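Just one chain is shown here, as structure tokens, and it is the form predicted alone.
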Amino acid sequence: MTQTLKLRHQPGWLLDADATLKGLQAEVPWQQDSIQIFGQRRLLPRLTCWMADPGFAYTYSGEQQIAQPWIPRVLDLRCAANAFAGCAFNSVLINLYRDGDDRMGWHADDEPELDPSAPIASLSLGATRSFRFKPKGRGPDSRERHCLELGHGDLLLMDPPTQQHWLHELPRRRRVSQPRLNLTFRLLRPS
């Protein structure tokens, strides 16, 4: 039996979404990382930035991330996300999907550095995109799928134990020509 998917979706949560999107696009120190896939280095299909409190390390897709210092606009968003989620987030992974060709494949945010008892708060800005879920593993429930359309200013909380039992993805959408920016606030355990 599939574990219950524990999500809290707040459409239009961020009231100044237009100004925030524009400001973040200009202020965040974007980079395009690469990963090793089947013996070849490939650029990730999105731009990223990881910000964290001092003393925290984070690795995903086999790559150690270098923490950038918090910028004021992201600190304000973290404070609002902390209050809403009832959690003291200490890091954020920011992704910029430049258009519908940029995407994120099936994965779970279950790296050992992440506190599995904490929610992950995901703020979406820009183009509305599909955000899909499926159970991990194989079995009679493995074909189950759920999809949310995340719009400009929406906040999605993924509560525990979602990451332990479910995968999620942001699929390619070739008809989308506008950017989507996503901030995923996380609680890392001390290293």
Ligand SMILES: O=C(O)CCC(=O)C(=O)O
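Note that this is a predicted model, so its numbers are computed, not measured. All residue numbers are counted from 1 along the displayed sequence.
The same protein has a further form, the form predicted in complex with the ligand, not shown here; the description that follows concerns it.
- For the residues Ala52, Cys49, Leu157, Leu150, the 4.5 Å heavy atom test against the ligand in the predicted bound form is passed only by Leu150.
- Taking non-hydrogen atoms only, Trp166 never approaches the ligand to within 4.5 angstroms in the predicted bound form.
- Contact annotation for Tyr97: at least one heavy atom lies within 4.5 Å of the ligand in the predicted bound form.
- A residue is said to contact a partner when one of its heavy atoms sits within 4.5 Å of a partner heavy atom; Gln65 fails this definition for the ligand in the predicted bound form, lying far away.
- Although the partner is absent here, Leu21 is not a contact residue: none of its heavy atoms lies within 4.5 angstroms of the ligand in the predicted bound form.
- Across the proposed site, Phe56, Arg78 and Glu113 without exception lack any heavy atom within 4.5 Å of the ligand in the predicted bound form.
- Contact annotation for 166-186: residues with any non-hydrogen atom within 4.5 angstroms of the ligand in the predicted bound form are His168, Leu170, Arg180, Asn182, Thr184, Arg186, listed in sequence order.
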